[in-house]
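Heads up, the chain below is alone and in the form predicted on its own; it's given as structure tokens.
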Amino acid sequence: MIKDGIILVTGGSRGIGAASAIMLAERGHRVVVTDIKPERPTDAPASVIVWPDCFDVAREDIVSAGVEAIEKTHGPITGLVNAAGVFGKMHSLDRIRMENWDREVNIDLRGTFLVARTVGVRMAARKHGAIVNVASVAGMTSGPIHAYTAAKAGVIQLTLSMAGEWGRAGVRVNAVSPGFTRTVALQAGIDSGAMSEERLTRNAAMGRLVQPSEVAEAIVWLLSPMSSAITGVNLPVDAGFLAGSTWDSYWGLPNSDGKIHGKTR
């Protein structure tokens, strides 16, 4: 990532994409955000550029034309944050509607591939660049969000393959896998009663949700020279969800005083 290039953030109008765009801009980088419904992220500095056209990551023609137009207008893309995505509905396998499956896989996996390939080929030709794909701990575990887990698992594998393909061309490709993150969408689910914060956090070793800024910190680091020897890595940012998720099968996670359910082991 170099100062005279730009960083493209897909899905940058809200959520983790917005948090990443704001943090990158605050640290002096030129940032262009795209979204299917583009709007300026809340509290974003004026230096964040919002690409005005609809950027549907699942449409090859739109991605190809959009990337070309963005580079023609703002300069070479030297960093990419692939944050565009949708979260699936919770259903049993027999109730999944294929149009819902296709939408999630098209945006979360196909979209990640199309944008990363389109940008990555250009980076490889210039012998420089860094890409961070936003995956999920859902792609590393199981749950009743079957299309989403499959798509995010695909993103993790795709990241590894792209790192191998472009490594000697000077392009690094990594992923972050957020745990349950307090985005506006997740908070709305908690506030409505559709989701339980206690249930979301009780298996996290740190006993809390992740903040979007914490995921953004990891993304910014993976784009920076400080991670210059790192490629093909999937970095969980999950407040210890993966570390703590199996403890319910035993005694459960201990509290800060070392006790479990009020009892000393």
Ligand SMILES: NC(=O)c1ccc[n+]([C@@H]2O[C@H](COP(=O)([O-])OP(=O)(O)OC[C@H]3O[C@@H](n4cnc5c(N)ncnc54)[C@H](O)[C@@H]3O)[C@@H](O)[C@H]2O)c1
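Counting begins at 1, following the sequence as shown. What you see is a predicted model; the values in this text were computed from it and never measured.
Omitted here: the form predicted together with the named molecule. The next part is about that form.
Within 4.5 Å, heavy atoms only, one stretch in 131-139, 118-126, 67-75, 161-169 touches the named molecule in the model of the complex. Which? In short, 131-139.
Between the options 105, 86, 190, 96, which residue brings a heavy atom to within 4.5 Å of the named molecule in the model of the complex? Of the listed residues, the single hit is 86.
Thinking of 148, 181 and 186 as one candidate spot, does the named molecule come within 4.5 Å of a heavy atom in every one of them in the model of the complex? All three within 4.5 Å in the model of the complex.
Verify the contact flag for residue 16: yes if a non-hydrogen atom of it lies within 4.5 Å of a non-hydrogen atom of the named molecule in the model of the complex, no if not. Residue 16: yes, in contact with the named molecule in the model of the complex.
Quick one: is residue 197 in contact with the named molecule in the model of the complex, heavy atoms, 4.5 Å cut-off? Outside the cut-off, so no.
Answer for residue 233 alone: is it within 4.5 Å of the named molecule in the model of the complex, judged on heavy atom distances? Answer no; every heavy atom of residue 233 is more than 4.5 Å from the named molecule in the model of the complex.
Does residue 56 make contact with the named molecule in the model of the complex, using a 4.5 Å heavy atom cut-off? Looking in the model of the complex, residue contacts with the named molecule include residue 56, since a heavy atom lies within 4.5 Å.
For the stretch 195-209, which residues lie within 4.5 Å of the named molecule in the model of the complex by non-hydrogen atom distance? Residues within 4.5 Å: none.
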